[in-house]
Every structure is written in C-alpha cells, then in structure tokens.
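Given next, in structure tokens, is a single chain: the form predicted alone.
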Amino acid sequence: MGDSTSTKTPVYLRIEAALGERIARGAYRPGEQLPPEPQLCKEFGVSPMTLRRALARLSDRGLLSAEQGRGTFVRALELGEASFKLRQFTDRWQDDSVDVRLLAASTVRADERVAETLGIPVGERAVFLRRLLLKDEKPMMYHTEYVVFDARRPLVESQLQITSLEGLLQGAGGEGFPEGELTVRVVNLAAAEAALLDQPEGAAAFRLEHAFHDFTGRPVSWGWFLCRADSFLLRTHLGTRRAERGGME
C-alpha cells in the first residue's frame, strides 16, 4: 500500500527532498554538476517547469547554483551564510520558572548618549528602567532600558505588571513598534552588574542591545540585556536539513 501522505505532497517538493537527500549522503558532492535537466525530468516523470521549481528551492536554500550555459552545480558550504535566530534563545525562557523583577522605574534627565540615541535634547526627561530576570531563582539576565517620556502614557505603571520574558519583550518593542535594531556583542561585567548576576567582576557576558522606533521612524526606546555567558546559546545547521535524512518534514 502506498504512502497516502507522500501522494498528497506536491511533486516538486518530493523532487526537492529526493535531490536534497542525495546531496546530504554525498551522491552529489560539492562542486559536482547535477545530471542534465532532460535526464532528471525523465527520471522523475515531470515537466521541465516542475523540475526547475524544485531546483529553485534548493538554490534558495544555498545547496545549488546555476551557471549560465554550463548547468547546475552543488555548492560548497560557506560559513558566511550561517544564520541564527534569537527565537532559539528566547524560547528557553518561556515557562513559569522565569521571574522578571523590576529593580528601578523612574524618570531621569537624558545625558548626551541617551539624548543622541533617543533623539531628544540633553537634559530632557526619559523613563529609566532596570530589571533582573531569574530562572528557578537564579539570576541570568540584567536589563536596562531608556524610554522616551510621554506624560500621556502610564508606562511606569504598566512595567510593574510585567512578570515574564514574553511580556518584557513585548514591552520592549515586541508589539506596537514597526522597526528596530538588535546588536549582540561580548562584554566584561562591571562590579555592580556582576553582583546582580552572581558572577565575578570582569566575567564575560553577552550584551543584546535593542533600539525601537515608532511608525514615523522616531526612536522610542533603547536598552540592553546583559546575559550570563552560560545562559546564551545559539545553534544553527549548514547544508541540508537534518530532517531530510530521515524523511521529509
């Protein structure tokens, strides 16, 4: 009896999976040319258009490259093409064992750096927030944020209600803001930061800096997470997806 699931899968996806599996097990090696299109069309019993759709998907995944007048070749892996998603990091914190503690919530006068980043005059009021994130009562992240002051928004009061990382990320720009920038770098913890994170002074940490803008492009908030090095892990995979080695997803 045939596999009803596979018969429902579009033909071009089955071709993509088959060729991807061959690349994964080394039947087609980096730098090698794929068989000519007429040969593959005959093998899979499809039209050139269907085959090219499958080849285009493999090219989009970085597995193949087409050379005009020469054919289609298997690409070698390039480290520069590796990408990481912070979702891998934030997903680890989406449970009831995570506690967000607000350490400070007040208005301050913007110094030169804050004023420049938020696009406000030096000395103008800004909301200043500090938070500590704990997992199973263990301090793991320290968050500092400056927000453009708006007397019409009960911002400080709303921040007092945030008790989860999901709520914190939404408050820091996860919803309501259309644009932002994120920067990740390695830093050494100052004495006060290290004490909060239960680390020795000078210990390495990841600084995840964020800046968000409103719908007119004006800055709204700027801040950063200091993450203990042992809590920050991102992993990616190059080449064919592992799932293909055991079948199609």
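Computed from a prediction, not measured in an experiment: that's the story for all the values here. Residue numbers run from 1 along the displayed sequence. C-alpha atoms forming the largest set that superposes within 1.5 Å between two forms make up the rigid core.
Another form exists, predicted in complex with the DNA; not displayed. Remarks below refer to it.
The DNA is not drawn, but in the model of the complex it has a heavy atom within 4.5 Å of residue 11. Taking the partner from elsewhere, residue 192 is found to have every heavy atom lying beyond 4.5 Å of the DNA in the model of the complex. In the model of the complex, the DNA stays beyond 4.5 Å of every heavy atom belonging to residue 182. Mapping the unseen interface onto this chain, residue 72 counts among the residues with a heavy atom inside 4.5 Å of the DNA in the model of the complex. Proximity to the DNA in the model of the complex, taken as heavy atoms within 4.5 Å, picks out 47-55 from the listed stretches 207-215, 22-30, 47-55, 182-190. Checked against the DNA in the model of the complex, the residues 43, 198, 201, 37 give one hit for a heavy atom within 4.5 Å, which is 37. Contact annotation for 53-69: residues with any non-hydrogen atom within 4.5 angstroms of the DNA in the model of the complex are 53, 66, 67, 68, 69, listed in sequence order. With the core held fixed, the Cα of residue 144 is displaced between this form and the one not shown by less than 2 Å. Residue displacement note: residue 185 has its CA displaced by under 2 Å between this form and the one not shown (rigid core superposed).
Once both forms are fitted on their core, the CA shift for residue 229 between this form and the one not shown remains under 2 Å.
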